[in-house]
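Consider the single chain below, provided in structure tokens and representing the form predicted alone.
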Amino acid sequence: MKKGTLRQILLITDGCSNQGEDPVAMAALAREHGMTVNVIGVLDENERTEGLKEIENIALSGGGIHQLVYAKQLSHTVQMVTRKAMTQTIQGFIHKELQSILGHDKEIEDLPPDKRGQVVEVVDELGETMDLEVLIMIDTSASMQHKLPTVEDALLDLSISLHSRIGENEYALYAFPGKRKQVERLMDWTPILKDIHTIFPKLTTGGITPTGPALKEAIDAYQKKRSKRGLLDDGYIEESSS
């Protein structure tokens, strides 16, 4: 089995999109291009988000995971969602492979216990050895201003927690809205987010939430990265449809 690359878009937001393309449609397009879209909604204590349905629908269309979380719990949630999405994606790929062998009416649960155990081992091993690319989209609308320090710490913790993996990790960081346009690149692809503390203090917050354009920019960024790499590394694993 070719090792390939797991490609994730991690969207961190606290509200409804209100400008640009439909984010649910953009998430579906990302999925078609082999990217999983995960969404974390960041809340304050006693705060309820009106964007819950949108958060759910973006993740569903993007083949990923969604999670609402209070700011103080964000660090653990970012790590959990990233890891869980990796496992789900690998399981989906292996499930498709098994169906092509066993028949489309068969499930992993239909395997004998010892064979199911072997599948779990393969999933765990691939989770540690496959290359991982995470493109992080941070909502910098006005309501996120006081939450950004927590987001900063959570992303640094994510980078540290994944550093022990055998597979290579790469991260890119974008904000929406940006200073001069709807979406702004803060950090190009890098193996560790060690310079993140120099970026966050310079962020400005605005009133709009252009989630759809942000996802469109993420797709474009991945396409550019893959075109630079050429055809030598086109072995990405598509996301699970479950």
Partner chain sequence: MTGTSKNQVADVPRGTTISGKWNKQTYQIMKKLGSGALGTVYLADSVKGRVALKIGTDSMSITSEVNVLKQLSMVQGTVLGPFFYEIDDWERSGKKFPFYVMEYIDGEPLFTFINRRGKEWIGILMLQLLRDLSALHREGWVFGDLKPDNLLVEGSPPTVRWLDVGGTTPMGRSVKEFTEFFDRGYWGLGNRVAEPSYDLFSVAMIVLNAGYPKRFDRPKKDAEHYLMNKIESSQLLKEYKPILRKALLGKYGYASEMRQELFALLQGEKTNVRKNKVNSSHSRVAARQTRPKAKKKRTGWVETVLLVAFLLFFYTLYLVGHIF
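Residue numbers count along the first chain shown, from 1. This structure is a prediction, so every number in the text was calculated from the model and none was measured.
Omitted here: the form predicted in complex with the partner chain. The next part is about that form.
Colleague: Should Lys216 be classed as touching the partner chain in the model of the complex when contacts are defined as heavy atoms within 4.5 Å?
Modeller: Lys216 lies outside the contact set for the partner chain.
Colleague: Classify Glu168 as contacting or not contacting the partner chain in the model of the complex by the rule of any non-hydrogen atom within 4.5 angstroms, answering yes or no.
Modeller: No, Glu168 is distant from the partner.
Colleague: Quick check on Pro177: any heavy atom within 4.5 Å of the partner chain in the model of the complex?
Modeller: No, Pro177 sits far enough from the partner chain in the model of the complex that none of its heavy atoms falls within 4.5 Å.
Colleague: Does the 4.5 Å heavy atom contact test between Val119 and the partner chain in the model of the complex come out positive?
Modeller: Yes.
Colleague: Of these, 58-66, 186-194, 208-216, 22-30, which stretch puts a heavy atom within 4.5 angstroms of the partner chain in the model of the complex?
Modeller: Looking at the other structure, the answer is 58-66.
Colleague: So, Asp14, Glu54 and Gln223: all three within 4.5 Å of the partner chain in the model of the complex by heavy atoms, or not?
Modeller: No: no residue has a heavy atom within 4.5 Å of the partner.
Colleague: Within 151-185, which residues have a heavy atom closer than or equal to 4.5 Å from the partner chain in the model of the complex?
Modeller: Contacting residues: Asp153, Asp157, Ile160, Ser161, Ser164, Arg165, Ile166.
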